[in-house]
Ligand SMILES: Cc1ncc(C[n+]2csc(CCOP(=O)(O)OP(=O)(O)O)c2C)c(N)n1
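In the form predicted on its own, a lone chain appears below as structure tokens.
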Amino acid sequence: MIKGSPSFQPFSEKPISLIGENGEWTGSFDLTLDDGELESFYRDLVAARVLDERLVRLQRMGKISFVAPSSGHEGPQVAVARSVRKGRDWLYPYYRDTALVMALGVPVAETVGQMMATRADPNKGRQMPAHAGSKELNVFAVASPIASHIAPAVGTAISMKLQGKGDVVVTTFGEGATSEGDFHAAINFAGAQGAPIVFVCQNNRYAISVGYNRQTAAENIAAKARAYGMPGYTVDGMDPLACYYVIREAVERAREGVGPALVEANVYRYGPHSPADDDTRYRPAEEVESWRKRDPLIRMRRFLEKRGLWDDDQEKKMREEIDEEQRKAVQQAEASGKVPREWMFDDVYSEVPEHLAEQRDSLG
């Protein structure tokens, strides 16, 4: 379907992988990404990790009330951002998609401003933290209820099909969302309508503290696609390039009118579900450590090193640049100031009703 790469087989027994854990290329086709694209792909992965760790520190400092750690999820998130047409296709992310929105092009100052609810927040401080959105990039604002964003994502995809523009919708969620009624109603409708949408499940094996085997009896999440008449792909989510090629193929498949697909990326959440969660109560340290050995950043760096594209000096320089960029973005977000109270009345009515205008004016 895509020139230069083969079609992947759905419902495979093993997760699809293209990079070995020592960094060797194991794909059966030649790479279509050039050296510069590979290096920038790695930069997006690292920048997302650095930002995630920075947001956790800001939360501990009391500058952010809530954060949903995303370290370990970078592979599929950056892959989604690189598989869509920015500003044309539509994204319906969930609260752990920090890497996705960053790689898509949402400025770090906006992300931090949204987390802090400052004037740098395009949502005007009216969302809880970790609820990104972008009108310019067609990123639907994240919603807190699990799976509630999947139905409107399907509705948007059907609209795109009716308009015949060739645009695609991608929606992301954790595996816990596939236990919700909203998921099943939405994916069923997408299958029946042949909607141009890709469902990307980031399966980190825990719905907060509930392990995978207590969430579902399905052998994997991709298998659920059979019931809805679409292909289901299981991919090694710690392999960034496998995520990219599989998701890109699913997106282009949808763009060509073939219909929806479900992609399950097996990832791991290194941190807790949120600051209110003590993950040491439900998962052993040995398990976390074993997944750290499969870290997507380490695997991608080894891949670049084996191709002679990366060394310690480049790593040091890149990390210093990222740290400085993000440090300035945090300063910018903080310096923009608190959101004015009267902003809560904006963007609801074209003409503010008299009683609300009176309330707004009473704020002084």
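A residue's number is simply how far along the shown sequence it sits, counting from 1. None of these values were measured; they are calculated from a predicted model.
Although not depicted, the form predicted together with this ligand is the subject of the following passage.
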| field | this ligand contact at H273 in the predicted complex, heavy atom, 4.5 Å | value | yes
| Closest heavy atom of Y95 to this ligand in the predicted complex, within 4.5 Å or not? | yes
| Wondering, does G176 line up within 4.5 Å of this ligand in the predicted complex on heavy atoms? | yes
| request: Tell me, yes or no, whether P145 is in contact with this ligand in the predicted complex, where a contact means a heavy atom of each within 4.5 Å. | output: yes
| Exactly one of T234, S83, N204, S71 has a non-hydrogen atom within 4.5 Å of this ligand in the predicted complex; which residue is it? | N204
| task | Find the only residue in A227, V288, I208, A185 having a heavy atom within 4.5 Å of this ligand in the predicted complex. | result | I208
| query | Quick one: which of 167-175, 217-225, 114-122, 185-193 gets within 4.5 Å of this ligand in the predicted complex, going by heavy atoms? | reply | 167-175
| query | Can you name the residues of 224-246 that have a heavy atom within 4.5 Å of this ligand in the predicted complex? | reply | none
